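In the form predicted alone, a lone chain appears below as structure tokens.
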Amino acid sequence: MASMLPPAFDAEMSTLLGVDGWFTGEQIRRAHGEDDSRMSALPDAVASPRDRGEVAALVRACRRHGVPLVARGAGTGTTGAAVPFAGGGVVSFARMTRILDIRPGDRCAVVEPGVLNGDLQQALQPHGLFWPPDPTSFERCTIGGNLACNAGGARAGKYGASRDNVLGLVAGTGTGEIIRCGGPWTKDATGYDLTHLLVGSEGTLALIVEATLRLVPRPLAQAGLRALYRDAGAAAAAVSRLMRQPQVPAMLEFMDASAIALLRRNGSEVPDAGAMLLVEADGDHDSLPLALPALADAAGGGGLLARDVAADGSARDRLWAARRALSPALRSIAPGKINEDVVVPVSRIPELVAGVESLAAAQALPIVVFGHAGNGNLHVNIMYHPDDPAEDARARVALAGLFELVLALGGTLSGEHGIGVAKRDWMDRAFDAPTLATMRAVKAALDPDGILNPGKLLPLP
């Protein structure tokens, strides 16, 4: 399919970006028209700028010619946020991959948006530092993509998600103006906090061209424990105790009875239980031996069936092997998976699990729940056969029921994957009309012509 761009715009971009930065061939357009949501659409062109000046010029040209522009990292998102449903251009940051500065004394790093999360972590190792966000796709996802959807990961309960670990941004608005917000400091009471506004906005407000990231000292030692419970209520009560005591777990993962049963069917050596918590502590060699017993005590209490402590690396790896095996094991149930990263208050986890069990029974579909219990961010996996129309329809009913349940429990639609288009039509149930109107006013101020990632995040009028 041929590109539908205005010829004058195509010529202008060819001159600006050159043969290595402007592509209209169908093969490369298709490669940039999908993400891990399995949604796809064909853009009219792919732009790969080299620096912020070219990004600004690209946006200004898109505005003059009325061409939509969708920012894209590595395409690891699961909500369709990087899919160009309106056509137009996709801007790839594959040539903006420089780690501009690592400042150990200020505990920050300055990077371009195309830097891979895993590459940054490797570069920080010699300095004894790390950037806390650790999504499952950390080896191939980009910092820009992490910031766009406020990615988190298993360490977010202690260290926070992307928004909590960014100090400043340089970004191009929908008018093509470059703005700078925040900087290499951790305390700031100067003006509006635009930095944290842009994080999580999924490229609908501005294109991030540089980020100053907050770094954390790498822990010298880690230890873990596994606790098995009679039911999800007992596990949730333990989560509350664990998060109240001074030694905050570095990771706190929950698995429901269906997840445990799946692991057992696939050969993992996990005892039968109604729920399981995997807890990890980090620190130094002197403090960790004191912290681990405190975590073990907090993990106890009513409904505890068994508790295993792993103080050394090999034992800890054996405990976490079950968690690593869980996602691959899901493929043994059904080829289709709807993975929603919903959030509820920790105290409502038992109600969420019970409600999901009712949905699974009502729709005759397996639904597996696991995730980051420390901040109530659980992944609800609805398993189905996409080629079976009846199962596909029941999966959609189950998904709607899940969102209704989460909102009724005082929760929210996403903890780390974002909204994109997958959850966009539920935003008017998650927020009241005045709040959505305020969001639309912010969008109009930064992107007055609506060219940046149109149709994403905010519900359609």
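The shown structure was predicted, so the numbers you read here are calculated from the model rather than taken from an experiment. All residue numbers are counted from 1 along the displayed sequence.
Quick note: we don't show the form predicted in complex with a further copy of the same chain, though the next part is all about it.
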So which of Asn266, Gln222, Ser327, Ser347 reaches within 4.5 angstroms of a further copy of the same chain in the predicted bound form, heavy atom to heavy atom?
Ser347
Which residue among Asp312, Asp297, Asp101, Asp284 has a heavy atom within 4.5 angstroms of a further copy of the same chain in the predicted bound form?
Asp284
Is the gap between Thr438 and a further copy of the same chain in the predicted bound form 4.5 Å or less for some heavy atom pair?
yes
Do Thr136 and a further copy of the same chain come within 4.5 Å of each other in the predicted bound form, heavy atoms counted?
no
Considering non-hydrogen atoms and a 4.5 Å limit, does a further copy of the same chain approach Arg331 in the predicted bound form?
no
Tell me, yes or no, whether Leu5 is in contact with a further copy of the same chain in the predicted bound form, where a contact means a heavy atom of each within 4.5 Å.
no
Based on heavy atom distances of at most 4.5 Å to a further copy of the same chain in the predicted bound form, which listed stretch, 172-180, 110-118, 350-358, 85-93, is the contact stretch?
172-180
With the partner left out here, which residues of 432-448 have a non-hydrogen atom within 4.5 Å of a further copy of the same chain in the predicted bound form?
Asp432, Pro434, Thr435, Thr438, Met439, Ala441, Val442, Lys443, Ala445, Leu446
